[in-house]
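Next comes just one chain, in structure tokens: the form predicted on its own.
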Amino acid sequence: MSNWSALQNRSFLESNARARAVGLVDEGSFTEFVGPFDRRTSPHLEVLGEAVEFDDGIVTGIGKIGKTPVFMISQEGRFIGGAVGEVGGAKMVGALKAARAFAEKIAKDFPKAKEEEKPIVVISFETGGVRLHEANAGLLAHAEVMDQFQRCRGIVPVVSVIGSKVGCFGGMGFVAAAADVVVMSEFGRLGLTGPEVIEQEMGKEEFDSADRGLVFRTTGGRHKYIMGDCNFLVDDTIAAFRKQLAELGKTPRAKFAEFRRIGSPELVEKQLKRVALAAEMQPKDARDVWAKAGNADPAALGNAPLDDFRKAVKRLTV
């Protein structure tokens, strides 16, 4: 792996799970949990005669950004599309439990600790969802991670980071959206059903997965930012994501409730209003919604350099 300094300018999109985990925290601070040498491989894949990975396609550990302890979870899309099974799910749950226990200990032993000295959880998503080879075990993993999110609420913030090649789809799309904060690049993609699956089930006329422009303006970071599904839109470098995480580490923990998309009656009501708006508009393209948000020239906005986009864009307020 390249040294830490070289990682900072690397494309987040092109980086593997371990490079992201190491590069997002301070140099030399990352300590891995249940790493490759522990040989925690999926028992289900071996029975099926499938290749295994010694870290099961997910990197977990702890590091720091400045004074902020960071519990890191980073998925690897090159191993079965980042799909989650029993071992990967257990590693995610274990990291979340450790973060919550550490945050509770800090609160008890150091009640005057500064905000930046309290831990956060960062999950770098790159996944298509459930690992079909493991069926119920994969679904259970999703449920257990969501349960830990609820247990972490108000104790330790959970930040979703999305900017890798596979994107974040399937059940993990739900999981990412349920975090306290979502940070994306314009190349990040977030959704429930992936473009290829929509095309396979509904036909190319419904959704052409080969149309990259269509795919990105429907599931990509710019669209999610306009819709409010993404809180922060950053450049495609590890350093840019790291900088945003550093700012979040200094943010008062009570403020994280303002970043959430779900989790309260008020937010449910907001989502229902958007469903009603979609039924009323019957949009044919994401650009129709961009225009509804007040963007006069949606096509130009989508093609603008990212800095210009961030300065000019109007976000949906319904």
Partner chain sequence: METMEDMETLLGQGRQAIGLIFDPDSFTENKVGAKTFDDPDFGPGAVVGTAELDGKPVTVIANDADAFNEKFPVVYAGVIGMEEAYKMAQAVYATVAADAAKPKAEKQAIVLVVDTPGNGPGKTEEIFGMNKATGAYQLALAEARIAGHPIVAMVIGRAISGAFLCHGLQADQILSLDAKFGTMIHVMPLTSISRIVKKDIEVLEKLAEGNPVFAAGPQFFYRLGGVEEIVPTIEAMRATVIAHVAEVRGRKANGEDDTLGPWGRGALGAERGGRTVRPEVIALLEKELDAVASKYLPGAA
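A quick note: this is a predicted structure, and the numbers were derived from the prediction, not measured. Residue numbers count along the first chain shown, from 1.
This protein has a second form, the form predicted together with its partner chain, left out of what is shown; the following refers to that one.
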4.5 Å heavy atom contact, D235 to its partner chain in the predicted bound form: no
Partner proximity in the predicted bound form: D285 to its partner chain, non-hydrogen atom cutoff 4.5 Å: yes
4.5 Å heavy atom contact, M202 to its partner chain in the predicted bound form: yes
Non-hydrogen atom contact G213 with its partner chain in the predicted bound form at 4.5 angstroms: no
Site check R10, A17 and E115: each within 4.5 Å of its partner chain in the predicted bound form by heavy atom: no
Interface residue in the predicted bound form among K165, H133, R78, K243, criterion: non-hydrogen atom within 4.5 angstroms of its partner chain: H133
Residues within stretch 36-50 having a non-hydrogen atom within 4.5 Å of its partner chain in the predicted bound form: D38, R40, P43, H44, V47, L48, E50
Residue pair E280, M202 - Cα distance in the predicted bound form, closer or farther (3 Å or more): closer
Residue pair L45, E201 - Cα distance in the predicted bound form, closer or farther (3 Å or more): farther
